[in-house]
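Just the one chain here, the form predicted on its own, laid out as structure tokens.
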């Protein structure tokens, strides 16, 4: 892996050139939130690190898409969505969410829809400083060593640029004159100072090593019923979570000609209907059971299967849940044996 420098005033020129070799995507402002979107005008692209409302997963597993169409005689796979694209501004923690998806969707059978989009996408990561709700240092997802093609760190007047793959190197080769290969000791010192400042700015800390044991000890705890009293079962936590990947498949049949359209869309284990089976039986009809399932998977069973939790510390669940049920409030309840009801009521009233 080699490292280069790019002066800040040259970033737009670089992004304009790479946009000629694939669709440019990145964060832009939409109303009061930021979203990942196709960028037609460089002026619309947010250059500094931001947290988008929906994570990067929406580009690789869209909320709803057509898998294939059957016209009564033959199947036609929907491939028009697989376009070459370059995504700028992906934070380190979300790179880790893609590494988790790489394992989940490639473990036994490779998911062709996910991996086709992965292959067609070049990722430019952008390092960031933590917000108040961030705890990615606790999940060790604040740094990256793989999963990106280029990675950039903002050091005042210039970016340090790490080349992670041959696809990243191809982007550099489009405009090599924009980059400086002379990384000095002064540059290294600036990066070390930036890294120390970032590490010191984290306000939230979670001991993820101890959590699996805490989940076991609290499996039958009344805290789940207390959380369930406030939970709205809206599924917002799973929709904004970068590692949640539950989906359903539906077939829409056209009675006039027998054609079928098969679609895949996001689902959530927080929905009451998620665990309903034929005959109307529901394995997890109670909200408390669904909450327990979600957090047991995130903080316990995934760690046992893959060696780390299914949480990247982005803090979206903290920002999004209207009744303050999130990783931090649940871990606090696991540690104390009781739910902070004042926190729940305060958040709900906002």
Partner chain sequence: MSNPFSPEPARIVRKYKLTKDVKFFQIRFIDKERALSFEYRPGQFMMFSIPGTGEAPFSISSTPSRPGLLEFCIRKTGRLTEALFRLKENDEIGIRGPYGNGFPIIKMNGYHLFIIMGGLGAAPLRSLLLYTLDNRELFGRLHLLYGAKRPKDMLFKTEFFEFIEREDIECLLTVDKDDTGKWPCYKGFVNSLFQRIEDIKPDNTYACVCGPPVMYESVLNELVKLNIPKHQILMTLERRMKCGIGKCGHCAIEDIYTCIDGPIFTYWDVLHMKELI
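Remember, predicted model here, so these are calculated numbers, not experimental data. Just so we're on the same page, rigid core means the largest C-alpha set that superposes within 1.5 Å between forms. Residue numbers count along the first chain shown, from 1.
Not pictured, yet referred to below: the form predicted in complex with the partner chain.
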Counting only heavy atoms and a 4.5 Å cut-off, does the partner chain in the model of the complex sit next to every one of 51, 191 and 209?
no
Picking from 129, 183, 232, 249, the single residue whose non-hydrogen atoms come within 4.5 angstroms of the partner chain in the model of the complex is 249
If we test each of 152, 104, 143, 155 for a heavy atom within 4.5 Å of the partner chain in the model of the complex, the one that passes is 104
Only one of 170-178, 263-271, 221-229, 192-200 has residues with a heavy atom within 4.5 Å of the partner chain in the model of the complex, and that stretch is 263-271
| request: Answer with yes or no whether residue 187 is in contact with the partner chain in the model of the complex, where contact means some heavy atom within 4.5 Å. | output: no
With the cut-off set at 4.5 Å between non-hydrogen atoms, does residue 67 touch the partner chain in the model of the complex?
-> yes
- Message: Is residue 75 near the partner chain? Define near as a heavy atom within 4.5 Å, in the model of the complex.
- Response: yes
Would you check, heavy atoms only and a 4.5 Å threshold, whether residue 37 touches the partner chain in the model of the complex?
-> no
Checked 91-115 against the partner chain in the model of the complex; residues with a heavy atom within 4.5 Å, sequence order, are 104, 105, 106, 107, 108, 109, 110, 111, 112, 113, 115
Relative to the superposed rigid core, does residue 73 relocate between this form and the one not shown - that is, does its Cα move 2 Å or more? yes
